[in-house]
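One chain comes next, on its own, written as structure tokens: the form predicted alone.
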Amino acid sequence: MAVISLLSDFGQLYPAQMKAVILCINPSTVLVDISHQIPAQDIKAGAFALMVSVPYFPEGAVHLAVVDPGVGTSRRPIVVESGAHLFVGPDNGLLIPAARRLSQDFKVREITNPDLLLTSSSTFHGRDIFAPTAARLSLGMTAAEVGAEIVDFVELDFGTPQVIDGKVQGQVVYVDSFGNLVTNISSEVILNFFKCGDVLHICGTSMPLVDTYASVEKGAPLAVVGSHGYLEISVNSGSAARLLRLESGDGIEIGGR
């Protein structure tokens, strides 16, 4: 049974049109929404959400991801093959961290097959190019059939945390619906300098590094390594984004006593 995941910054209306196109081509496919609430045009946040989700999908899954501020321009539509998974979306870096997490040996192909490009608006390639391509891939079309391999695709990474004067400097890469600030600081990095129970100083606020959100009183801030393996800044039953006035892309500095 074919599985297609979907991720976008489209909100409420537009994902249904992509799903409708897919189901007209492959009515038996299983559609799984990763999220359609990615902040508008935030490619890095979308790439992070895709990267931490794809390892839990079965082999053979097709991942349709569209955060595409360059729609209608010269940016290319692509398919990426990686680790028995296929990714469909724009060539703006969105797909690359997820593909690289599955395998360092991945291939990127530009969608040039005229059968996939017969009708296309200049503003909704998610519906008119990417959804039909994902559906046909789920039916067995090979990645090689969509077009030739390219090597000059757009790269994207989440930056490398730095340690300066004993302080870890990183970046917020994702803000979830709870207001948790997910950083690019991996568990390996943070636990190399701090241990559970240490008090951290982050953006002028002190908080403990703990194992669970409930390790502190309601309304209190905390730092925790999330299920995705990266440091989160959180508030028990509250919003760290609101407390610290931070959003995706903002830098952070973490120090201890």
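Everything numeric in this text was worked out from a predicted model, so none of it was measured. Position 1 is the first residue in the sequence shown; the rest follow in order.
Keep in mind the form predicted in complex with another copy of the chain is missing from the figure; the text below concerns it.
State yes or no: in the model of the complex, is some non-hydrogen atom of Arg127 no more than 4.5 angstroms from a non-hydrogen atom of another copy of the chain? Because a heavy atom of Arg127 falls inside 4.5 Å of another copy of the chain in the model of the complex, the answer is yes.
Taking another copy of the chain as it sits in the model of the complex, is Glu145 near enough to touch it, meaning that at least one heavy atom pair lies within 4.5 angstroms? No - in the model of the complex, heavy atoms of Glu145 and another copy of the chain never come within 4.5 Å of each other.
Asp211: touches another copy of the chain in the model of the complex, heavy atom cutoff 4.5 angstroms: Result yes; Asp211 sits at the interface with another copy of the chain in the model of the complex.
Check whether Phe57 has any heavy atom within 4.5 Å of a heavy atom of another copy of the chain in the model of the complex, and answer yes or no. Within the cut-off, so yes.
Residues Ile96, Gln171 and Glu247 all lining another copy of the chain in the model of the complex, heavy atom within 4.5 Å: So, no: the whole triplet misses another copy of the chain.
Need the contact residues for 1 to 22: heavy atom within 4.5 Å of another copy of the chain in the model of the complex, sequence order, or none if there are none. Met1, Val3, Asp9, Phe10, Gly11, Gln12, Leu13, Tyr14, Ala16, Gln17, Lys19, Ala20, Val21 sit within 4.5 Å of the partner.
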